[in-house]
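In structure tokens, the next block holds one chain alone, the form predicted on its own.
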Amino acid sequence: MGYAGLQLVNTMFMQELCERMTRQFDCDQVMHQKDDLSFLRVDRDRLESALMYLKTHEGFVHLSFVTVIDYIEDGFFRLNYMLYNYDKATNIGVQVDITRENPSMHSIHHLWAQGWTYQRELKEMYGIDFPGSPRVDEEFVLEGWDGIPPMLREFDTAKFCEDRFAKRDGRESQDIKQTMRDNLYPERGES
């Protein structure tokens, strides 16, 4: 089968899969990004069963990653669970929205062992709790961190740097064109 044939097979598989998922798990949004990549959104209470179904019945045995988008203006986080099917060479992103106020989500570490690592990172960087996830409350990367989670959109990176790091030569903003003229091409003058 050629590339065009594989694309058609992937497109049909993903469309049929998303239709099954919508019927079975009441997905409220489906987006086909490419022939081998689709996203669907489920309710937080159906996430675990949707992921289990994709793993055990549809061949999405690999959890590629878990990430989050911070919709601060709308008051919620969107968690993205990216799964891969080796037999079909396709990806599906399962999305779930959770509130920013006391954010918490069911742990998926029992479905994919490496899930606890992603959850631990999201707890540290965004403050999202995953009760029951191994080592979720231990420091992961930010040893001794005492501020708000640094990936939250309200985190002020510039203020943090001003407060934390001393001023020193070389940290000033410079006009890159003038710097290049002065340092790299002084013989060219102003032209």
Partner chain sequence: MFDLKRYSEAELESGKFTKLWHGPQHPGITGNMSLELTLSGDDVVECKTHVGYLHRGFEKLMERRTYIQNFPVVCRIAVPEPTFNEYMYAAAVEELAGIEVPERAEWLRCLNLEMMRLASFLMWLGGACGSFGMSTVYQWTVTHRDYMLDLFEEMTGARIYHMYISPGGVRAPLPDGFSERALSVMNGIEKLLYEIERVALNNHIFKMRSQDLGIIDPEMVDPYGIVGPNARACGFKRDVRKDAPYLVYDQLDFEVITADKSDAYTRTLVRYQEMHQCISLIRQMLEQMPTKGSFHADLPNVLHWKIPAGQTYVKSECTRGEYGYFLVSDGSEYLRRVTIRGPSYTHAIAVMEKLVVGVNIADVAGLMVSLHTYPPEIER
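All of these numbers come straight from a predicted model, not from anything done at the bench. Numbering follows the first chain given and starts at 1. Basically, rigid core = biggest C-alpha set you can superpose within 1.5 Å across the two forms.
The form predicted in complex with the partner chain exists for this protein as well; it is not shown, and the discussion that follows is about that form.
For the candidate spot formed by 64, 110 and 125, every residue has a non-hydrogen atom within 4.5 angstroms of the partner chain in the predicted bound form. For the chain shown alone, residue 101 is not a contact residue for the partner chain in the predicted bound form, no non-hydrogen atom being within 4.5 angstroms.
Residue 45 falls outside the set of residues with a heavy atom inside 4.5 Å of the partner chain in the predicted bound form. The partner chain is not shown here, but in the predicted bound form it comes within 4.5 Å of a heavy atom of residue 140. For the chain shown alone, residue 153 is a contact residue for the partner chain in the predicted bound form, at least one non-hydrogen atom being within 4.5 angstroms. Contact annotation for 38-76: residues with any non-hydrogen atom within 4.5 angstroms of the partner chain in the predicted bound form are 39, 61, 62, 63, 64, 65, 67, 68, 69, 70, 71, 72, 73, listed in sequence order.
Taking 2 Å as the criterion, residue 20 does not count as shifted between the shown form and the other one: its C-alpha moves by less than this amount when the rigid core is aligned.
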